[in-house]
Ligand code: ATP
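Taking the form predicted alone, here's one chain by itself in structure tokens.
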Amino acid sequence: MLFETVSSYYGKLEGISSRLEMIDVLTQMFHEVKASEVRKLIYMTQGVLAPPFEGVEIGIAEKLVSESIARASGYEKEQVYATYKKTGDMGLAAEQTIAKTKLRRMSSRKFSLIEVFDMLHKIATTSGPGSQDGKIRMMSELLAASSPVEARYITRFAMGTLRLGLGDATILEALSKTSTGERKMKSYLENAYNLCSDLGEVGEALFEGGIGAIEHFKVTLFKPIRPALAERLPTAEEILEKMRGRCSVESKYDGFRVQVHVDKKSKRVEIFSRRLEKVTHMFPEIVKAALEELDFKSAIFDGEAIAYNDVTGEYYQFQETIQRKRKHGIEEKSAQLPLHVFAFDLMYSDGEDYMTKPYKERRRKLEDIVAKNGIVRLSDEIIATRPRELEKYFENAVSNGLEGIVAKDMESFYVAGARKFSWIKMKRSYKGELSDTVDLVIIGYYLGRGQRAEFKFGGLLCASYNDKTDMFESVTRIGTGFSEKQMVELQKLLDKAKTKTKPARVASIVVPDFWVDPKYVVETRADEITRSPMHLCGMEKLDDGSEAGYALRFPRLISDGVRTDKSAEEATTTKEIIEMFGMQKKIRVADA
């Protein structure tokens, strides 16, 4: 497949605002690709060089790219940069500069998709002395031999700003339609994706072996499983009713969600974050403990890593634990803030898949293999059959500085990549506030006004994620809770992600000063959820014929900034917002 063809399809996708039309264009593109090419086409369409757990990052510096465009076209760097400032998009700057190049194209040969992908991979992974000059040389050669429209997408991809507005769910639906002519096979593809976390691998398997190959995906060591997620309920009575009168109840720790893969024969341990990024090097004490303390040959287990004082039994706050997530000074910080991992679920052990076994069996096996007092230890647990038992355990967890509790259906399977009532969380609440925080996606921002006129940044427009439509629906504007430092940092971050038009996956009738690609998540607290005709989160027709969605009242940012442990698709869903709206009414009745 020629990269020229890929660029043509990307141009079509860029001009589409309808998700259904996007699926149709993607389907047409997939019909033209070979099985040997589809993995790399999917990665490129996602804007990545590899799945997150492989740690191969694209994102070449602006200065390096502008110099590459200059060399490829015969213009000065200052001229390229001026075009970039005028267009606000280095991809368009590359397209316009290459279109009026001063240099003669040395060959009329056209690049294939594979050639472009492999060259970009080489550029991204080149390191060591002289690597910067090498990157500029390779990038300029690639651009010089490209057409203007190819240069646009090569440049955007290289900078990590492809901006096609596609989510994984949209790509999965297009793959289903390519294979069967319908979108109904998406659930099978999604299940395979949940087990391997590699959309390129799923696409390649589909093209080579059809839907039969997809149905036979299995858990594999060192390929992270997309994590199971919990639903919310506000009272012990409702939790027990949903769990048919009996459930396991565990403490909810406020640390790093980690998925640990261990193979003692090869002495290999890999640790993956909630976002499925490899973070093994950050936690040497967990690696050592996984090999020395646990009674199995190989395993995959879920846990929460948290800074914990063994002497006092004190759990440290998340703000302290997060200091352990770093690239440098790891040994020093490890000594200052030693971590423990509280293991709370088992997905695989010694060649056996435990995901399809009931939770009570997974827990029993976990108890057999995890030591009681080590770096890796079991999460606390009780079996509750009465509301007061659950409430008392919840109160103890909160008094110990934890977030709350998670109740688990003892007969349920491990549901990868989904939020089901097999797990239900109940978190501490504060007077005059919602019973839980919400994680929202930034879709736009405002300029500073009044007292904030000295800052360019004035506030955020945020959205919930509708996992049924794969859209981000506006739910609130946030204008408070920012420190001056945060305002400066958010301005710098969002300037790089702003777009001239509303992104294709964003649903909002509220218009910010600048739209932003939906990829950054912020933790927010509010007084309550209300109905609003201004926000499209859960928008529906009411009995009186008017339409209203849901919105947050008095929202404010509560964390230090953007949540790096969550992707946009892991944000609070529209369904959850609607459920929380219903819960707050029940809480008010109970309080009255």
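Each residue number is its position in the shown sequence, starting from 1. Since this is a predicted model, take the numbers as computed values, not measurements.
Omitted here: the form predicted together with the ligand. The next part is about that form.
The partner is absent here; in the predicted bound form, the one residue of Ser273, Ser379, Ser176, Ser422 having a heavy atom within 4.5 Å of the ligand is Ser379. For the residues Phe117, Phe394, Phe344, Trp515, the 4.5 Å heavy atom test against the ligand in the predicted bound form is passed only by Phe344. For the three marked residues, Met44, Arg156 and Lys498, no heavy atom of any sits within 4.5 Å of the ligand in the predicted bound form. With the partner left out here, the ligand still marks one of 489 to 497, 260 to 268, 161 to 169, 405 to 413 in the predicted bound form; by a 4.5 Å heavy atom cut-off that stretch is 405 to 413. Of the heavy atoms in Lys427, some are within 4.5 Å of the ligand in the predicted bound form. Not displayed here, the ligand is kept clear of Arg531 by more than 4.5 Å at the level of heavy atoms in the predicted bound form. Using a 4.5 Å cutoff between non-hydrogen atoms, Lys566 counts as a contact of the ligand in the predicted bound form.
The closest non-hydrogen atom of Gln96 lies beyond 4.5 Å of the ligand in the predicted bound form.
Residues Leu229, Ala230 are the ones in 227 to 243 with at least one heavy atom within 4.5 Å of the ligand in the predicted bound form, listed in sequence order.
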